[in-house]
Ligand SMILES: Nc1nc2c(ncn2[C@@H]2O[C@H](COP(=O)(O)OP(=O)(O)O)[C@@H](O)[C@H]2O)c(=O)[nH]1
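First, one chain by itself in structure tokens, the form predicted on its own.
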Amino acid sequence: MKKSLSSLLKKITIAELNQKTIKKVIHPLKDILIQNEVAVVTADKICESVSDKLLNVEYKRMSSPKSLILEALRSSLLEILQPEETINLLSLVEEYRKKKQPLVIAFFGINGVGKTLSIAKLGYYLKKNDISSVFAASDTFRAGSIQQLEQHAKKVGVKIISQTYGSDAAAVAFDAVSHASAKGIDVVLIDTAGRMETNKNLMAELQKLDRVVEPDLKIFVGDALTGNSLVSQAELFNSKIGIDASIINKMDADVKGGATISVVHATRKPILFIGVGQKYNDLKPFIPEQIIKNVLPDKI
């Protein structure tokens, strides 16, 4: 995206900004956004925002149209990547500590997006910040899922609550919350089976877990490399469960960058962390300005 946008801006030859000249920029801008996996509805929103900003900007004779367009685009992207609702996880944990209650976090997403590893990474992150946690192995459907989480728990040094395959996922999560409450553990991290829209029974089980446990935070986990599928997945879980935030993995390998922008726009919920590798410390706080730096040229 960065290369394409830089090329577009360099080709701009307009001398001043008006409705006619702005349209000449907006059309190719939308094409570039869509080509780089920005959802069409998100691309429309960005283009509309850029157009409005340029039409309302106080144009000065010495101002460069290219610079004004770049600044309008940067501002429009930042508005999308910084939704009204924000979450400071460490502050939230402290709030629940004062109430002597565990913060309960459930993770949702389809199989193969790194959900279980993200839980392990977050457990590691919390431990580094002197926050205790317990894992709940509520993915009782996928073969090997419980052992996988057990291995991560052992390596990270976190207690895990599990039952057998085929057990009630909600019951496992409930046991983990009860354990955390009894032992004074700060956070419960609940793994769940990957759900697809076509598997109504599994989705119903997920919704049951949500009703029984009533998680304080519901986090969608997605893979940046799945492109537009990432957006449809986020929309699915948001509509069926109602998510509070997202973790997007494989950001280090995402050469296009558009899907992440679309996820925030589609859900109106913040991205908490991004995964940038397979190690436990490869979970980084999401910084909108850094994403913008990755997709926009610094200057023209």
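Quick caveat, the model's predicted, so the values are computed rather than measured. Just count from 1 along the sequence shown to find any residue number.
We do not show the form predicted together with the ligand, though everything after this point is about it.
Peer 1: Exactly one residue in I292, V276, L9, L17 has a non-hydrogen atom within 4.5 Å of the ligand in the predicted complex; which is it?
Peer 2: Contact residue from the list: V276.
Peer 1: Tell me, out of A170, I110, M203, I185, which residue has a non-hydrogen atom within 4.5 angstroms of the ligand in the predicted complex.
Peer 2: Looking at the other structure, the residue within range turns out to be I110.
Peer 1: Test of understanding: in the predicted complex, would K115 fall inside 4.5 Å of the ligand by heavy atoms?
Peer 2: Residue-level check for K115: yes, a contact with the ligand.
Peer 1: Counting only non-hydrogen atoms and a 4.5 angstroms cut-off, does K121 reach the ligand in the predicted complex?
Peer 2: Yes, K121 sits close enough to the ligand in the predicted complex that at least one of its heavy atoms falls within 4.5 Å.
Peer 1: Does Q148 reach the ligand in the predicted complex, with heavy atoms at most 4.5 Å apart?
Peer 2: Yes, contact at 4.5 Å.
Peer 1: Using 4.5 Å between non-hydrogen atoms, is D44 touching the ligand in the predicted complex?
Peer 2: D44: no contact with the ligand in the predicted complex.
Peer 1: Counting only non-hydrogen atoms, which stretch in 227-235, 256-264, 29-37, 242-250 is within 4.5 Å of the ligand in the predicted complex?
Peer 2: Among the candidates, contact is made by 242-250.
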